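Next up: just one chain, as structure tokens, the form predicted alone.
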Amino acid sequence: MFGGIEAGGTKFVCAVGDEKGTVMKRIQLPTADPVETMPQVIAFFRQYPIKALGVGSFGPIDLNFESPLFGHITSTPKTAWRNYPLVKVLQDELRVPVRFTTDVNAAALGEAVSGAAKGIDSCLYITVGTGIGAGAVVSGKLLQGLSHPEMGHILLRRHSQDGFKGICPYHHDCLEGMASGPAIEARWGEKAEELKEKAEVWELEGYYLAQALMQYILILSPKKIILGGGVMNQKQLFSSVYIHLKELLNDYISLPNLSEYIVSPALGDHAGITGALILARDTYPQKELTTGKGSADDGISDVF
């Protein structure tokens, strides 16, 4: 039995499951402050004899083993979690190996192993919700370099008729600042689900997301793109993305049929927790916990 955590900006999903990523038991908790949330997380896993734990967390997070902040959530806008030692707390309390990556990397892994990108050696998973983030599988491995990708903070070409400042506290009008769920609410005065009949909302949203996809495609050339998160539950948004992406690319490169290339998660809301369980499976067996660290490739998982 393995444990998985999908630590998102609005909720923690905790689950236990088997080596295939099949969930046996799952709970969902609000992402409050660590003092309130973490004791509930620990109490859940103490009920089960898990062998290892996989964690996909909101970020930014520190994945550099040489860093004194390895395993921490770092410069998150959620100030109560800033510089929080998530991995150390979990290891100290549960005494099992912990493998750590971003929530979107975990979702990309889940979709690559069991979902919309099953059998494909590269894919990109993007979540558009409270924030915007992306995880990538390249040549069968999760993408990680100096740190993890932060694709939600790329800068965009502003629409000529859009005077919205953007809500990102770091960059204002980056992708997350212009196109996340809170950005939609701040611009239009209502939540995304209450604006489904307003075509101008999704026209503008599709314009910004298509810009981002163009850049990701030109840099990473993924074989499948998966768009998840609460905002993407507005299915009319996909059509807007397809139209704008085609216009932006202007036949510069050849892509598959966009409705088959850019898709919803096959695992739905379970992509992240499935990936977290797969991370845990790939961690076990490992070095004993007394080292305080796992093997040198922790946080990166071979998909195949």
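As the structure is a prediction and not an experimental result, all values here were calculated from the model. So that there is no doubt, residue numbering starts at 1 and follows the sequence shown.
The same protein also has a form predicted in complex with a further copy of the same chain, omitted here; what follows describes it.
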Only hit among L195, L156, A186, V89 for heavy atom within 4.5 Å of a further copy of the same chain in the predicted bound form is L156
None of A116, L204, C174, M232 but one has a heavy atom within 4.5 Å of a further copy of the same chain in the predicted bound form; the exception is C174
### Task
Mark F70 yes when one of its heavy atoms lies within 4.5 Å of a heavy atom of a further copy of the same chain in the predicted bound form, and no otherwise.
no
Check your understanding: in the predicted bound form, does S139 have a heavy atom within 4.5 Å of a further copy of the same chain?
Key -> yes
* Is there a non-hydrogen atom of I253 within 4.5 angstroms of a non-hydrogen atom of a further copy of the same chain in the predicted bound form? -> yes
Whether E150 contacts a further copy of the same chain in the predicted bound form should be assessed with a 4.5 Å heavy atom distance threshold; does it?
yes
Of 80-88, 221-229, 195-203, 104-112, the segment with heavy atoms within 4.5 Å of a further copy of the same chain in the predicted bound form is residues 221-229
